[in-house]
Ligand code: BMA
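Only one chain is shown below, in structure tokens, and it's the form predicted on its own.
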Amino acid sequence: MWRYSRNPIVGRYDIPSSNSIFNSAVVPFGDGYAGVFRSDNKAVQMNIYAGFSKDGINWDINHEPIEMKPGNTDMIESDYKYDPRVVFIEDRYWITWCNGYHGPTIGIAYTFDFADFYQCENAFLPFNRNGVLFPEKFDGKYAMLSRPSDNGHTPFGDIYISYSPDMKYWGEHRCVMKVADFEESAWQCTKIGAGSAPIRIKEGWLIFYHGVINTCRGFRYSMGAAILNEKNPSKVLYRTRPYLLAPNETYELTGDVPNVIFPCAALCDGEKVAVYYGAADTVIGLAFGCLKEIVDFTKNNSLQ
């Protein structure tokens, strides 16, 4: 994969009130693109904002955070919102994020137009992070990847999958991927978390995920890829032993939280892939790759 030469595509001050804009998700929308962006303001309050772009690179982000309306619940208050993902399923766009309700859990909302947003019940009990929906149902059920965690800066974490018939009640929780052994793949030995919405390929489902190692300088976040079984996505077919991207550029190495690449969205036209990622918890970067090369790399350099 290679980085966009004009990274970062979104700067930390692109909203007047912002301290940082990062870990955000985008989708095709109309004749361009729309997205939900994490911005921490100058009081470091975490919230999510809608944004629009004609080309997926130059973004106009709303200056006010998203105001939720009741969806399948009246309980729409939250202490904070961060690290959103967006995916289109059937007739609407679904947004998931880390929602503050007595600690972090997974919030859910939907929109048809990125103007009105309707919040649903939280998916899980606290504590949980990195909720990522599949773009298709399995036997009539929605499916979501997540990482059960704790109320701190999680020093552990594996990826699980859960199912729901109605985007309100979630169950059938199954483990998908655990952290790797230090000796086998140290970059992902502390915790892992789902990144972008899964991409359907002929081998199954391609996911980009972040992996973390706890070094003498603190946590270091890198990006890998995995391929999940088409019918049973709790089964991992392949998983990268080497990372695809690791912090290397100045905007990834230096920021509010140094040494972070955190993927949250991937756009694919069948041949090329564009991955949007948070860099150093401060700005947004963009990386490109050829789908076949990424799939071959994942299969040929797999832990499985």
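Residue numbers run from 1 along the displayed sequence. Every value quoted in this text rests on a predicted model; they were computed, and no experiment measured them.
One more form of this protein exists, namely the form predicted in complex with beta-D-mannopyranose (BMA); it is left out here, but the text below deals with it.
Enquirer: Among 243 to 251, 28 to 36, 59 to 67, 257 to 265, which stretch has residues with heavy atoms no more than 4.5 Å from beta-D-mannopyranose (BMA) in the predicted bound form?
Expert: Heavy atoms within 4.5 Å of beta-D-mannopyranose (BMA) in the predicted bound form occur in 257 to 265.
Enquirer: In the predicted bound form, which of the listed residues (F124, Y118, Y82, Y160) lies with a heavy atom within 4.5 Å of beta-D-mannopyranose (BMA)?
Expert: Of F124, Y118, Y82, Y160, the residue with a heavy atom within 4.5 Å of beta-D-mannopyranose (BMA) in the predicted bound form is Y82.
Enquirer: Is N23 a contact residue for beta-D-mannopyranose (BMA) in the predicted bound form, using a 4.5 Å heavy atom cut-off?
Expert: Contact check for N23: yes, within 4.5 Å of beta-D-mannopyranose (BMA) in the predicted bound form.
Enquirer: Check whether Y221 has any heavy atom within 4.5 Å of a heavy atom of beta-D-mannopyranose (BMA) in the predicted bound form, and answer yes or no.
Expert: Residue-level check for Y221: yes, a contact with beta-D-mannopyranose (BMA).
Enquirer: Wondering, does D281 line up within 4.5 Å of beta-D-mannopyranose (BMA) in the predicted bound form on heavy atoms?
Expert: It does: once beta-D-mannopyranose (BMA) is placed as it appears in the predicted bound form, D281 has a heavy atom within 4.5 Å of it.
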